[in-house]
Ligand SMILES: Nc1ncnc2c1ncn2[C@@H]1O[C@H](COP(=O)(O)OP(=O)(O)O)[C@@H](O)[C@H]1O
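In structure tokens, the next block holds one chain alone, the form predicted alone.
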């Protein structure tokens, strides 16, 4: 039996019972959109932020709680107009397909009839919402649905960018004043909590150690995306499972990163001179099975490698300079850590994009050709 006991939470589209680090945004949606709708006050909202910061899953999580209304999720990329999107809404709330050529007025009338029949108001969530504002006639009718069509419907637009920045002046004159909720990127600590939660839900207990969870979080923190973090966990877990390991280790994470964010390592390595290759090899040796290593350990490994290849050793200033260049090229990452009050700082180096063993094999192959 492998370490994956429940694969569903390893999918970024999975909606957990508790959505970590989006409690504030969920509260705002409840207080300013759901509760007013229950009281007969329709409103609109714009949720925006970078990909993977929880906008869509937050909406779906809130929609799952709704009982007194009808919540419908749509992605505008699937439609060429708001009228077609609303026809799909009709299908989802139980109406048959309308004939082609149906007018906008007829679509709203059908929605109104359905609402009268069920007694339920509508919460419409439109993902990729910025695109909806290009349909000027459609958006005009949608935003004024209560006034023009007696339809009680609140709307949440979900977008990477703030649609208000792209709105035409005519929409501004409609006095469209939505609730605006910006979703910030997740911090490394927040991603660590999310990854730990998904690992606990999906993997055998203890199979994803805390140091691997932290490494996953730090690897994904550049994007601030929970989607990237969960995808890394998923691929790393399946890689560990494939090799019949009882734990997910840092090299599984690096291999997963190579799948999630592939790049041509060989072309970057070909730009390095002999000493750069030896130094990068020293980083691999110093890392071993760990997630990160220190400069002193790299220096000691570098000295041994230089002796092995009968090459002149370099001083610390040159090592620092070459490490900075390797970081600029995206081959390594580093960070400065405090050693405590009055103790100064130290620099640690890590490798995210390839398993150490794979990168080491590539480097040694190049070195053999150059020697």
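What you see is a predicted model, and the numbers here were worked out from it, not measured in a lab. Positions refer to the first chain, counted from 1.
This next part talks about the form predicted together with the named molecule, which is not shown.
Trainee: At the 4.5 Å heavy atom threshold, is residue 12 in contact with the named molecule in the predicted complex?
Mentor: Answer yes; at least one heavy atom of residue 12 falls within 4.5 Å of the named molecule in the predicted complex.
Trainee: Given that the partner is absent here, does residue 349 sit within 4.5 Å of the named molecule in the predicted complex, heavy atoms only?
Mentor: Contact with the named molecule, no.
Trainee: Can you tell me whether residue 51 touches the named molecule? I mean in the predicted complex, with a 4.5 angstroms heavy atom cut-off.
Mentor: Yes, residue 51 lies within 4.5 Å of the named molecule in the predicted complex.
Trainee: Classify residue 356 as contacting or not contacting the named molecule in the predicted complex by the rule of any non-hydrogen atom within 4.5 angstroms, answering yes or no.
Mentor: Answer no; every heavy atom of residue 356 is more than 4.5 Å from the named molecule in the predicted complex.
Trainee: Looking at the named molecule in the predicted complex, is some heavy atom of each of 46, 123 and 142 within 4.5 Å of it?
Mentor: No, because 46, 123 and 142 lack any heavy atom that approaches the named molecule to within 4.5 Å in the predicted complex.
Trainee: The named molecule isn't shown here, but in the predicted complex which of 257, 208, 230, 71 has a heavy atom within 4.5 Å of it?
Mentor: Exactly one residue meets the criterion: 230.
Trainee: If we take heavy atoms and a 4.5 Å cut-off, which stretch out of 148-156, 106-114, 284-292, 221-229 is in contact with the named molecule in the predicted complex?
Mentor: The contacting stretch is 221-229.
Trainee: May I ask you to list the residues of 188-216 that have any heavy atom within 4.5 angstroms of the named molecule in the predicted complex, in sequence order?
Mentor: Sequence-ordered list: 194, 198.
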